[in-house]
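Presented below, as structure tokens, is a lone chain in the form predicted alone.
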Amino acid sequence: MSERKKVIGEAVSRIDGFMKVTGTANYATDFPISNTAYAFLFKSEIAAGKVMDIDTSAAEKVTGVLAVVTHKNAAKLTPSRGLRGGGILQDNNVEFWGEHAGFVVAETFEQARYAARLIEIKYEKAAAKTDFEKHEKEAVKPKAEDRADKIRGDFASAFQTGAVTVDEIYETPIEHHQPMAPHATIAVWDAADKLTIYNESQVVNGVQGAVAQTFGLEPKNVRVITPHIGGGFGSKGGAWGHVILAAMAAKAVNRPVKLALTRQMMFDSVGLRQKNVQHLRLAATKDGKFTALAHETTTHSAINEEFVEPCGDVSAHMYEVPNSRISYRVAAMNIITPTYTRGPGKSTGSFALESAVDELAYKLKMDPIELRIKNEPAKDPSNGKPWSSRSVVECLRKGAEAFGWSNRKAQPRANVQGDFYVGFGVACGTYPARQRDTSAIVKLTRGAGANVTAAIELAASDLGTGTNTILAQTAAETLGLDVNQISVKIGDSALPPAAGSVGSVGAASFANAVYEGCLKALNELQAKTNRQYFNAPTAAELLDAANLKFYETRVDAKPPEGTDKYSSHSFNANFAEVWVNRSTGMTRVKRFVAATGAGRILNPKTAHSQIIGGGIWGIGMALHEESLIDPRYGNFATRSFADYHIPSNLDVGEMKSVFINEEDKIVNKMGIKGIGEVGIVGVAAAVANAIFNATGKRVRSLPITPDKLI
């Protein structure tokens, strides 16, 4: 009887790592499709109005040009509800600067790009809403039911009678996700009604459904292939207009077409994180017990499409507050539709909440950690449900120990090192933990010498976070095999349907499906034998006992019953040490520690990488990232990495992650909570709080650039 080797929870290196570092991993436009043509977009240069005429004659005369498509000759489609941002040339209306006006298809990318520059467009301009400050007062209640006002207790009375209060406005700017791989698509029509899309998709089956509905096809006749993604951060969660236009282009020239967005196009093609103005009011007793909390967010969305990120979610259940008010107001503007961006709502909302908590702690002359612990809720305040598990206090305690919080000087400007003010800051974060329906196939093969291999297949996706590896680990331990005996096939809609790599549901959904599939295979094989086992048999032993060379089974995994009776979240505590130059205001995060409680950690190596990635983005959110609109025209003045700043290596100091040993037997069978989102939540607030501790200056508008500190 073979003894099972522990694989889940081990720091296994990525099984697809060799492919990536040697350049053999295929991303969307890397597939060697023969006879491929190239499409290049041209875009509107007004923010509101109509396209009155388009002169394409010069472009059509360029050598190699195969087609020029505009709203005049575009195929008539039925846009799916899953299509994000429109832009598929169905009319001549213009709703934001950079909306798709058409595309050129040519033999080469260079020919298509050159020809696109020759297009001449005449517009009828309309008054455009591009300045948020001017239109903020036009904000109204969102249409979505889950963004309705949430009121608990009597906030007004409790706030008025609060012994100590904070009443401030916190602002986060428009930000753009800029993954390493910009969005790109290859479209291939295999027949009049069969389409293959090579596209970097976080939700494989979601893109499949959106494309199928838009073109009036059966979903089974649309195949989406996306084995590698190259980052997405939410921007690749749905089908944007360029995906549809790639398929339209392929149909127009009757051959495969490759369409890739330039880095500049990314700023007005695939959504953004919207600007949020958050009015945060917090009241407490003299000994630090919270009595009232209001978190009121005013934001913007597109003219004809609403999206409002849930900034108040963290405030709803982070601390025990008997009286609260959470609300949203949204103004329609001539800006591309906002969309999910890593930690949507929670990363932005936590900046406001956790900054306010820090301000209250300073007024109370309390340690910010002890103030948070004092208001730890026994159950979820937003709905009264018990926690499936909650580790905020442990995150704060262990994180403080790892960081050296005891060395903090409470009084601002008390720690001076040469030309620098040094400060410590802390902030907490959270993100929901969920499992979604996912199916998987497990194939077992017994080769020569009783060598057994397993193939795992499902339409999951890998953003670059290590999905292939954690699934191989799950299968290896469950089947009693080595990781190198497992092959994982994902990123193809032809495989069993799966949840997406969004909202921190990926690991829990994929791994539980693989786990259940492997158990099912073992149980079915054991039923085919008459043997009794004292210890759980391995897949190799069962195939041998059943005298089978091959066995295959499928599982359709669902969340366990009763999980909706509990409140399940991942939690963290973030600690930042900043050094602020006394003369220039330049700020650097010298050290950063994240303590995270996220249930069962499948692979600490890849998990550490995710937490570090979230932390770096949070540092960028705090100090660097901001997309600026020129209100005269509605276009983004920031449209490349020359002017849209992200952290470089020199901006980031020592990064450390600590995982809490948290066992959650309720959230799902494997106890997985997910960490893809929570890594960024609370980070910006920790940095902002550290800057206050260093300088005595409270900055409530991100990013905290040197001009705000001098």
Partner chain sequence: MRPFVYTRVDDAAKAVSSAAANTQASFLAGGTNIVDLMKEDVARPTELIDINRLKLAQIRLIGEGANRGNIAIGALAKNTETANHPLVRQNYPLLTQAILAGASGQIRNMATNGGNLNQRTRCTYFYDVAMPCNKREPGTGCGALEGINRMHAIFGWSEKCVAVYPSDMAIALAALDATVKVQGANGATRSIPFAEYHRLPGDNPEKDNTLQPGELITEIELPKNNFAGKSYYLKIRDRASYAFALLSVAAGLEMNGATIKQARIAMGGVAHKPWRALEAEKFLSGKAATEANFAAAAEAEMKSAKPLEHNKFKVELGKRAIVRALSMAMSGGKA
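Positions refer to the first chain, counted from 1. The structure displayed is predicted, hence computed values, not measured ones.
From this point on, the text means the form predicted together with the partner chain, which you will not see here.
- At the 4.5 Å threshold, heavy atoms of residue 632 reach the partner chain in the model of the complex.
- Though the partner is left out of this view, residue 126 does not reach within 4.5 Å of the partner chain in the model of the complex, counting heavy atoms only.
- Looking at residue 648, you'd find a heavy atom of it within 4.5 angstroms of the partner chain in the model of the complex.
- The partner chain in the model of the complex comes within 4.5 Å of a heavy atom belonging to residue 97.
- Remark: of stretches 583-591, 199-207, 549-557, 295-303, the one touching the partner chain in the model of the complex is 583-591 (heavy atom within 4.5 Å).
- In summary, among the residues 279, 639, 289, 379, the only one with a non-hydrogen atom within 4.5 Å of the partner chain in the model of the complex is 639.
- Put simply, of 662, 60, 30, 45 only one has a heavy atom within 4.5 Å of the partner chain in the model of the complex, and it is 45.
- Shown here without the partner chain, the chain has 110, 113, 114, 117, 118 in 107-136 lying with a heavy atom within 4.5 Å of that partner in the model of the complex.
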